[in-house]
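Here you get one chain, nothing else, as C-alpha cells; it is the form predicted alone.
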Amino acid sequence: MSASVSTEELLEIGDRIIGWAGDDEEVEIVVAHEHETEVRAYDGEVEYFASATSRGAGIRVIKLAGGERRQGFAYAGSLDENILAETLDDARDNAKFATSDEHLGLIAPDDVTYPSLDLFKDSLAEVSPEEKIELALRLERSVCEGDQRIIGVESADYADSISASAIVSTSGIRVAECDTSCHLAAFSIANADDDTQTGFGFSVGREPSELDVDIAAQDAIHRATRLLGAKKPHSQRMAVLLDPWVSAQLLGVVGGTLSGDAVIRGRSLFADRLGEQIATELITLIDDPTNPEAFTAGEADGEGLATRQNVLVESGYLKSFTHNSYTARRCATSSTASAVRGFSSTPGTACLALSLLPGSLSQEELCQKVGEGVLVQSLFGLHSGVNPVSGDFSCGAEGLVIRDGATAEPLKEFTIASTIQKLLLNIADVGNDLTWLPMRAAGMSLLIEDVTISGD
C-alpha cells in the first residue's frame, strides 16, 4: 500500500462527503484503510496465519437548529460512495433523536504545526509471507533452544500493520497520515523440580529489520526461569522496585485518571486537584505523541488536530488533563489534541504516548540503592484492582527479593496494596531505562518506598 496514493484517495473520499453538507449542519468524516498480518508458531509449525485488509468510514453530523446542537453518528465498513451516502443519511437521522448539548461541535485547526514523523516504512509491504512465518518459527526455536529448563512455548507470534487514515470536516480539518508497525512476542514455559513458571518477551519496530528475535527470546527465557522455585513472602511493608513492563501499566492507569472524560464523569481521583502536588518532585509526566520512538506516535489526534507534547505533571504538580474538543468546552479550556477514536466510534480522550522524565540510575544501581526490598516483575488484575475514584490499589504480583543490593530468590502469589496517591508520593527514584512498549505508555524502573506486601 503506497503512502501517497492511499492517503490521497482517503482525502478525496472525505472531500466528497463533506461537500454534501447542508447549511444547518457540521459534518466530519474519518476514513481508514488497514492491512494486518498475524502469524503464530507452535511446536515447529505454523498454527495460525491471517492476512486481512479492512476499510471503513465514520461520519459525524452536528445539526444546528433553533440554537440547539444535536449530534448523530454512523459508520460503514465500506468506502463505496453509495454506502457512504446512506451512512451520512443515517448520521443525520440519528441526530434528530439526540439530546441537545451546547458543548457539541467540530474542532477547527489551531496554530500548532503538524509534526513530520517517519512512521511509515515502505519496506514492510515488500516482506513476503514466508519471511514473516520464518520470524515466528525462528523465535519459537530460539526460546526452546535457549535454556534446558524451557519445556515449551505457549505461543510465538509475529504481527504487523500497515494503516492509513484521513479526517476531513466542514470546520477546516483536512489531514491524512499513514504508519507501519510490527512486533514479535513469545510466551515461554519453564520447569524445574516440579515447579512451572511462565515468562514473556517481545520486540517492536516499524519494519521487520528493526525486530530482534534474540532479545525477545532471551527476555521470555529469563522472565520464566528466574521465577523457578518461587515462594510466598511474609507480609510486611518494604520498598518495591517496579520493572519497566509493570511501571508502564501503572502509568497507563494514572494516565486514565487524567483524562477529561474521567474528570467530567466523576471518575478521576485528581478531578479537583489541578495545580496541586500529587507526586514526589522526581515525577514529571509527559504525553508526547510527537516522539517517533513511541509505538503510538502520530501526527494528528482523533479529531485531526496536530499532536503536541503535553506536560501533565511537572516536578510533582498536576499541570493539565488531556482533552478533546468536547471535554475542553465542558471544562472551559482548550483541546490538548488528545482525541482518540477509530472510524467506528466518536472521539474519546486519552494519553497517546505517556512517559516519565527518566532518572540517572540503572535497575542494578537502584537495587543497590534500596538494599532490601522486592523487584516486581508482573502485576495481575491491575485494571480491576484499582479504584479510579478513591485511588485504592490492590493487585497480585510476582518478582524477586532484593537483598544486600542485588536480586535474590523469586517470589510469587503476593499482593501489593496501597493507593495511587501514596504510590506517587512515595516514589524515591526513577530509572534511566526508558523502554517504549506496545502500548500507550513507556516504562522504566521505578523505586517506591513503604508499600504493603501481603503474602503468608
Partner chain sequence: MTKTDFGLHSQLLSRDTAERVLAAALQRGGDFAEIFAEDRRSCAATYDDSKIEELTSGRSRGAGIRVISGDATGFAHTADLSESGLLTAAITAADATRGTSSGTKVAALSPQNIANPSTPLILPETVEKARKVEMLARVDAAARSVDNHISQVACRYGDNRRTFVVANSRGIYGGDDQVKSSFSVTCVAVGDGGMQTGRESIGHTVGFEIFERYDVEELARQAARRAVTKLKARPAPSGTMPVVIGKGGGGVLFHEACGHGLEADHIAKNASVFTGRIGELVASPLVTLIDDGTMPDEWGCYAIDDEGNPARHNVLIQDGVLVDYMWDHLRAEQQGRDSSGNGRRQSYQHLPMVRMTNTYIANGDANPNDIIADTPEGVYVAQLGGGQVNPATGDFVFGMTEAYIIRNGELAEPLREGNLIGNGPEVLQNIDALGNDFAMGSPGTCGKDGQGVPVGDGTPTLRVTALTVGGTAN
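Worth saying up front: this structure is predicted, and the values here are computed from it rather than measured. Numbering follows the first chain given and starts at 1.
Same protein, other form: the form predicted together with its partner chain, not shown, and the subject of what follows.
Enquirer: In the model of the complex, do 192, 325 and 369 all reach within 4.5 Å of its partner chain through at least one heavy atom apiece?
Expert: No.
Enquirer: Name the residue from 288, 147, 179, 90 that puts a heavy atom within 4.5 Å of its partner chain in the model of the complex.
Expert: By the 4.5 Å criterion, the partner-contacting residue is 90.
Enquirer: Quick check on this chain: which one of 284, 225, 171, 268 has a heavy atom within 4.5 Å of its partner chain in the model of the complex?
Expert: Looking at the other structure, the residue within range turns out to be 268.
Enquirer: Is residue 77 part of the interface with its partner chain in the model of the complex - any heavy atom within 4.5 Å?
Expert: It does: once its partner chain is placed as it appears in the model of the complex, residue 77 has a heavy atom within 4.5 Å of it.
Enquirer: Could you confirm whether residue 151 comes within 4.5 Å of its partner chain in the model of the complex, counting heavy atoms only?
Expert: Looking in the model of the complex, residue contacts with its partner chain include residue 151, since a heavy atom lies within 4.5 Å.
Enquirer: I'd like to know if residue 276 sits close to its partner chain in the model of the complex, meaning any non-hydrogen atom pair within 4.5 angstroms.
Expert: It does not: once its partner chain is placed as it appears in the model of the complex, residue 276 has no heavy atom within 4.5 Å of it.
Enquirer: Mark residue 114 yes when one of its heavy atoms lies within 4.5 Å of a heavy atom of its partner chain in the model of the complex, and no otherwise.
Expert: It does not: once its partner chain is placed as it appears in the model of the complex, residue 114 has no heavy atom within 4.5 Å of it.
Enquirer: Based on heavy atom distances of at most 4.5 Å to its partner chain in the model of the complex, which listed stretch, 401 to 409, 24 to 32, 425 to 433, 387 to 395, is the contact stretch?
Expert: Of the options given, it is 387 to 395.
Enquirer: In sequence order, which positions of 82 to 117 have a non-hydrogen atom within 4.5 Å of its partner chain in the model of the complex?
Expert: Heavy-atom contacts within 4.5 Å come from 83, 86, 90, 93, 94, 97, 98, 99, 101.
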